[in-house]
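Single chain ahead, by itself, as structure tokens, in the form predicted alone.
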């Protein structure tokens, strides 16, 4: 491991300060003692920051364990005349750091999960954009697998767009959805029903020939859903629904 950075050095100093304070007031040398609350919070904050900055778990673990070597010279100088006391103190502090390593790893894992959750939420938003493509017409191109969680997000985003833009027609394009099965068809049916409660009609476009055959074989009733083979045909249908002349678009 290379030499510590200036930030790591400051963290080590702050760690030793909080550790010393804890040892002075702790009833027992265990990290759960209330006297070590400041140290626990400090290390949890560091672990969270390192998780958000993209450090690997091994790097964070090595950082925590480096505190063992940081205080060995200090204790050796402090108890130079009593080797047995020195070894006892080193063991005690080593045990505390080991306990702290587990706590820090839990904090790291929790922070990392939060980062991943936020990233997934951001990806969901990016993968379900809602576009106003005409007056009173919004369109949502869907890309990738549609699972239960994403289906809920699709419904929420589409209903918000319908309300925001006072849309009467919403086009859902599933051209880039690789799997159209019973589950996906059920989700689409729910989206259509929810949109109708807001006074909007949904047109689903982009069913592939393979998807159409699959849905027919599964005996799935999509008679209540307006469908068109292409986005172009879907837009033409939306304009007809609004009573507009489609002209060259058809």
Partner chain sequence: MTEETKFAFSIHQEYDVYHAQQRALDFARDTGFRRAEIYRLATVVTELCNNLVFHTQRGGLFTMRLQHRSGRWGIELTVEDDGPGILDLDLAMSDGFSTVHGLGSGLPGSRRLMDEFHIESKPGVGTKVIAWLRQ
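Numbering follows the first chain given and starts at 1. Only a predicted model underlies this, so the values are computations on that prediction, with no experimental measurement involved.
The form predicted together with the partner chain exists for this protein as well; it is not shown, and the discussion that follows is about that form.
Inset, instruction - May I ask you to choose, among 51, 64, 220, 44, the residue with a heavy atom within 4.5 Å of the partner chain in the model of the complex? - result: Contact check passes for 220.
Legend entry - Contact assignment for the partner chain in the model of the complex, among 180, 75, 96, 140, heavy atom within 4.5 Å: Exactly one listed residue reaches within 4.5 Å, namely 180.
Legend entry - Listed range touching the partner chain, judged in the model of the complex by heavy atoms within 4.5 Å, from 35-43, 204-212, 64-72, 22-30: Among the listed stretches, the partner-contacting one is 204-212.
Inset, instruction - May I ask you to check whether residue 145 falls inside a 4.5 Å heavy atom distance of the partner chain in the model of the complex? - result: Yes, residue 145 is a contact residue.
Inset, instruction - Evaluate residue 225 for contact with the partner chain in the model of the complex, applying a 4.5 angstroms cut-off between non-hydrogen atoms, and reply yes or no. - result: So residue 225 does not count as contacting the partner chain.
Legend entry - the partner chain contact in the model of the complex: residue 59, any heavy atom under 4.5 Å: Because no heavy atom of residue 59 falls inside 4.5 Å of the partner chain in the model of the complex, the answer is no.
Inset, instruction - Indicate whether the partner chain has at least one heavy atom within 4.5 Å of a heavy atom of residue 192 in the model of the complex. - result: Output for residue 192 is no: heavy atoms all beyond 4.5 Å of the partner chain.
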